[in-house]
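Here's a solo chain for you in structure tokens, the form predicted on its own.
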């Protein structure tokens, strides 16, 4: 018997820390689902905020970091999804959980005509166009008297208390109805964050992900290789709108009150999201995770300083862009070589042993 060793090259995305990263992510997910069993309500509310902002940041990062679509009007889908959810619950009597899905689908429907408009624009004009659309939607919904007009409205009394799972959670954890509602919303936000990150990771590792990167880097070169830039960017835009609408609807199920100014707030749903992505690291899945944690810490430490708090966030964002344009995670990853979600394709030698 003779051993013959044949070597070949294979494409892989695995790194030295891939197995450790998978184990770490699994532990975080398990701990996330178990948190309501021992954490107080305030912690659950804070985690809900972190998770929903993370999903919004991942969606914006998918647009800007991977598709090159810098939008400053994502609040259009947050607000429209939230208002669609309110309409389904208040006017049609739907269960809030089903209404969240309606909110996401409504945002998806809204994104179709808006994509037709904004994709005719490039660069800064695209960004301005998305903001204009958001303002048009906000002003239009402010005239909807059935949902409170410009002053807004609240969900019907008991609507969230009767959601599926709320009474079960209340009995299981021995908590009151409002706290049980927060826990159910938190678990939904956790599932939404896991699914969003998982789908983005899967997309970026696929052939469509390669096409997306090619379109971002050089549109004409991508077209010459058979990639349709318009279809690729449209697909990402529609997916981001759907997930953003779902997130907006979920946020306002937990808030139980809505108004046009709050639902379409530029600072809350776009400026903060951009800040999270920039300081964490644009064009990486890990970046928004790091960014949302830093943002939450800064918000709690500096919120009492009023306008100085916003000034500090702006200054920090400028410093990051000047001295660490790849963000905090980019600096860490370049020095350590660690990647929690590796998507860069590398050639690796494959050795097969055969016996004759």
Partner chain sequence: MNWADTIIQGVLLGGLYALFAAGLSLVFGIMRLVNLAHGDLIVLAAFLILLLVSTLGLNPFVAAAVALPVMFAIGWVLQYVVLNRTLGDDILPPLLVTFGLSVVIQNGLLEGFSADSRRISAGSLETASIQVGPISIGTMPLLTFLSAVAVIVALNLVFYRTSLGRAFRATSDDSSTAGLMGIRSERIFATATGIAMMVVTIASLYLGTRANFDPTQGPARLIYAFEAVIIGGLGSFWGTLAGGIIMGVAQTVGAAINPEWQILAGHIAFLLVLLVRPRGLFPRAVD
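Positions refer to the first chain, counted from 1. Quick caveat, the model's predicted, so the values are computed rather than measured.
One more form of this protein should be noted, the form predicted in complex with the partner chain, which is absent from this view; the next part is about it.
Engineer: Which of these residues, 31, 311, 42, 301, gets a heavy atom within 4.5 Å of the partner chain in the model of the complex?
Structural biologist: The residue from 31, 311, 42, 301 that makes the contact is 311.
Engineer: Only one of 183, 215, 72, 285 comes within 4.5 Å of the partner chain in the model of the complex by heavy atoms, so just point that one out.
Structural biologist: Answer to the contact question: 72.
Engineer: Picking from 83-91, 111-119, 191-199, 174-182, which part of the chain touches the partner chain in the model of the complex when contact means heavy atoms within 4.5 Å?
Structural biologist: In the other structure, the partner sits against 111-119.
Engineer: For the partner chain, considered in the model of the complex: do all three of 204, 210 and 237 come within 4.5 Å of it, counting heavy atoms only?
Structural biologist: No: none of 204, 210 and 237 comes within 4.5 Å of the partner chain in the model of the complex.
Engineer: Should residue 51 be classed as touching the partner chain in the model of the complex when contacts are defined as heavy atoms within 4.5 Å?
Structural biologist: Outside the cut-off, so no.
Engineer: Taking heavy atoms only, is residue 261 within 4.5 angstroms of the partner chain in the model of the complex?
Structural biologist: The answer is no: residue 261 has no heavy atom within 4.5 Å of the partner chain.
Engineer: Closest heavy atom of residue 157 to the partner chain in the model of the complex, within 4.5 Å or not?
Structural biologist: Residue 157: no, not in contact with the partner chain in the model of the complex.
Engineer: Report whether the minimum heavy atom distance between residue 104 and the partner chain in the model of the complex is within 4.5 Å.
Structural biologist: Looking in the model of the complex, residue contacts with the partner chain do not include residue 104, since no heavy atom lies within 4.5 Å.
Engineer: Given a 4.5 Å distance limit between heavy atoms, list every residue of 133-169 close to the partner chain in the model of the complex, or none if there are none.
Structural biologist: In sequence order, 133, 135, 136, 139, 140, 143, 145 come within 4.5 Å of the partner.
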